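Heads up, the chain below is alone and in the form predicted on its own; it's given as structure tokens.
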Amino acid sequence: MARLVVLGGGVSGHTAATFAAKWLGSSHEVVVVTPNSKWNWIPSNIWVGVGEMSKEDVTFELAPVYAKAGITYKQAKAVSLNPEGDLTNDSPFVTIEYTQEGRAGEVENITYDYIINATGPKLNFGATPGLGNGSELGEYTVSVCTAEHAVHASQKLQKCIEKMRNGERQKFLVGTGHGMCTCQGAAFEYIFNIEHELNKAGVRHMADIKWISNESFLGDFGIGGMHMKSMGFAVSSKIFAESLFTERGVDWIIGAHVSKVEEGVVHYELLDGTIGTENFDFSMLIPPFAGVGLKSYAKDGSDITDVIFAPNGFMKVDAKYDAGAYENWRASDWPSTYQNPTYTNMFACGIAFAPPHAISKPMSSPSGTPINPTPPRTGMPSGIMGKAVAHSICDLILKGEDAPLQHASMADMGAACVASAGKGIFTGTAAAMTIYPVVPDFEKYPGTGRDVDYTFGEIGLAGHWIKHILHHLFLYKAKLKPGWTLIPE
């Protein structure tokens, strides 16, 4: 019997584990290690953050789902990897620390034949002093990165709405909280959902709303922007975004590194070297991401963390990490199999793998502060990667070590995104977009880097209906309801 251990139960890890359990059957064991007791459909957290959904609407208990699938579930966090075993044990193992009530702090070593690192990111709030972590503990901004964070954000937002109803003008600041953030999309959705809710509450005229982002232009989104087909024309995402911001009366600051947050004020540095501040009454700023901090040790106990992981804490895979300057970047730099080059029974997917470099052009201020989005690896690409990695490992187990690996490069992968701009069955809007490929390939598609026949976007009520349907569809799939495998990633 082979044992596959999956670290992380988010979109990528949950996808990998559930498909692996289905394909391997009861003859082999799949173990999921995740510190969370509940699965969270993160794309809908923005609706929790404005009070349009509850935490229960976007989460469910993992234990019964994994029990039904025959998956061994351990509510714990991974601490370290010993890919060669140790002096007392020749089998590779992962050390975990339980987080569940009654076992918190208990440590266990789990041996494995194959392991998938799908731990996702550490939400690195500490990178920017004063950046809020979803609590009331002396921090000044809110977050929608988790369902609990989003509940807290909604409570803060409602207080602001009450103040506006009482005649007190409020200023809202939403965006990225550091020069190296990713996930501009979540902040983009959240700012327009706030704007929509203020209109519904009849207090929009009492609000000033501003966007602050590390993007060098609106519509970069960490993918270098895109040209998409809209109403028969090829329109840049810059024009698309600027039009939406202007139409909704949302101002913006771009090319910004938020260096510090104090009560009611953000300090920032711009790409041109300008140092400035921005006041706020309510602010939601996405934190930068880092690896979760897994350590790794050789058989003799020596630290080999830097062999397995990049300096940012994400796991090295089959990417070209020595591509060098921006002018040398190629689509082929991006990983395809997500297999670790040193230990071939180790894979990483979703946010947990180390990208070779950014997608957007790297930039920095005159003082040398890097200010550019890091590459997004969430949503649909995470699910596709998780399924491909699970497929590869199942083939290795069932067909032998010579079985070919599955490929799922972001440079040869399309993705669909539905970005909410306000929730409402008759009044909601969303930007429905597709992109192919996610990582631009300027050799294959000169000029735009992407196939404009498969890169398009429209905004409207239909987009909102699609996002609302997808919310229920993906929760259905994640719960392994009948026919779940037929629903694409």
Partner chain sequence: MALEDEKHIKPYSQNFTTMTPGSFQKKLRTCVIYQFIRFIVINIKMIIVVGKSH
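Numbering follows the first chain given and starts at 1. Here the structure is a predicted model, which is why all the values come from computation and not from measurement.
We do not show the form predicted in complex with the partner chain, though everything after this point is about it.
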Among T342, T246, N279, S367, which has any heavy atom within 4.5 Å of the partner chain in the model of the complex? T246
In this chain shown alone, the residue from A290, A201, A416, A310 with a heavy atom within 4.5 Å of the partner chain in the model of the complex is A416
Interface stretch in the model of the complex with the partner chain - options 89-97, 379-387, 294-302, 109-117, non-hydrogen atom within 4.5 Å: 379-387
Proximity of N40 to the partner chain in the model of the complex, heavy atoms at 4.5 Å: no
I'd like to know if T429 sits close to the partner chain in the model of the complex, meaning any non-hydrogen atom pair within 4.5 angstroms. yes
Does any part of E29 reach within 4.5 Å of the partner chain in the model of the complex? Heavy atoms only, please. no
Residue-level question: is M433 within 4.5 Å of the partner chain in the model of the complex, judged on heavy atoms? yes
Considering only 456-482, what residues come within 4.5 Å of the partner chain in the model of the complex, judged by heavy atoms? F456, E458, I459, G460, L461, A462, W465, I466, I469
